[in-house]
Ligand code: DOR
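Presented as structure tokens, the chain that follows is alone, the form predicted alone.
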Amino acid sequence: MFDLIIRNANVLQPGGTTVPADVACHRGKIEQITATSGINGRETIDARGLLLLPGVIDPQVHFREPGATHKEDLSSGSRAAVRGGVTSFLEMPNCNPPTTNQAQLDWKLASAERRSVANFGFFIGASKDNLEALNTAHPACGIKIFMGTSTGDLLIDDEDLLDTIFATGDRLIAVHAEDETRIRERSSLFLGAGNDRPSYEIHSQIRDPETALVATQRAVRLSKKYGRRLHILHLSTAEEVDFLRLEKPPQVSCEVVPNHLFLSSDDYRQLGSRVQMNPPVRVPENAPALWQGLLDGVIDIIATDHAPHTAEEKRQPYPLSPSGMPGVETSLPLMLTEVAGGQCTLQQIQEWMSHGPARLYGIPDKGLIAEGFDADLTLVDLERYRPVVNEEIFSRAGWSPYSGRQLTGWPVYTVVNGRVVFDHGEIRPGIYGQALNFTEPTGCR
């Protein structure tokens, strides 16, 4: 007897087509995909009218544990994830204390094993004195370098140290690409004497497109120099897309987050600091270039950079207001709404949000609905539109910058390792994810 049978689903296949089928899961794996079946399972879901997708892998989240669990923790963040169809996440190291050594990595792994309802992996963060740990801490999905100031105190802005990190080891390096020197210069310019009530919009002027481009160019130059595997996080500008279209070597990949596709500097007027993030939202004319980069394959995948803060913290005046916003539970509905509108296809969603992250980070047996793959799945309803409602947000932040926006493709069920975790708005108790395995990535496009 199988553990779970999903009957009558419209199943997204690896090639991008959909077929009506039954999917049988056993011991955490997809065992059978058949047109019709008389097989039995301990649990059966009638998925008629629903689309079955591979679970989303979100390769950039900040779940704030340890050190800021009033904003989020591994329990609340993972629950928000599965509500949004995310079955695996990669979490960033800029917590307090930061994840910069084996002891802190072990602590996170142990905490996630007890409390995360989604599968999990963690980055090791680069500091000024942990070069050895960057390449020996295990298991880590990669090294995170903050080239510009962001939440926490992990910052590598010394050219010689950057060079040494790229030259040492072969683990994937993921960079927050903003130039710290330019941030400081422009902060002095825009926040100088006489500007005692700065607007939130100034954030996008301080961290202008050149701030991102300079850092991205520097990281790519170092990747080329040492042949080092590089992933550029949250690409945000048309200028970076243009640069990478011409100068992206095979060992470099990059991502975009929905906030830079769907929000702009115009949104400061209504939402204020709720749309403040690093790198910042851009002028409305910027988003089409990011979309084109996705469609052309210059941009490889989608992440969320889920970075929650409380509403009270966000109400502080600039520059005391923190950067970041929640997004892990709205990314899939946002993108599926674009599928419904003809902007992209289900096959592209599969590549950008499931199979692509698995491929780029070397996560085996995830990201596709195929026999022998892990049974990480989400059943979504593409026939019904519902608004984003702050009161329904699972993240501890309790708000979304997309509040009120009508979206389709909301998950009805989310399955992690062959077990239903999210079921019609509720989290089933007693089910937990597993630590992800990382093998040699199969390469970039």
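Numbering starts at 1 and follows the sequence shown. None of these values were measured; they are calculated from a predicted model.
A second form of this protein, the form predicted together with this ligand, is not displayed here; the remarks below concern that form.
Item to complete: Mind telling me which stretch in 240-248, 145-153, 127-135, 78-86 gets its heavy atoms within 4.5 Å of this ligand in the model of the complex?
Response: Single hit among the candidates: 145-153.
Worksheet item: Just one of D300, E72, D374, D305 has a heavy atom within 4.5 Å of this ligand in the model of the complex. Which one?
Response: Among D300, E72, D374, D305, a heavy atom within 4.5 Å of this ligand in the model of the complex occurs only for D305.
Worksheet item: Which of N286, S265, N278, Q350 has a heavy atom within 4.5 Å of this ligand in the model of the complex?
Response: Of the candidates N286, S265, N278, Q350, N278 is the one lying within 4.5 Å of this ligand in the model of the complex.
Discussion item. With a cut-off of 4.5 Å between heavy atoms, is H309 one of the residues that contacts this ligand in the model of the complex?
Written reply: Residue-level check for H309: yes, a contact with this ligand.
Worksheet item: Hey, in the model of the complex, does R182 get a heavy atom within 4.5 angstroms of this ligand?
Response: R182 lies outside the contact set for this ligand.
Discussion item. Within 4.5 Å, heavy atoms only: does H231 come near this ligand in the model of the complex?
Written reply: Result no; H231 lies far from this ligand in the model of the complex.
Item to complete: Examine G324 and determine whether its closest non-hydrogen atom to this ligand in the model of the complex is within 4.5 angstroms.
Response: The answer is yes: G324 has a heavy atom within 4.5 Å of this ligand.
Worksheet item: Does any residue in 79-103 get within 4.5 Å of this ligand in the model of the complex, counting heavy atoms only, and if so which ones?
Response: Contacting residue: only N94.
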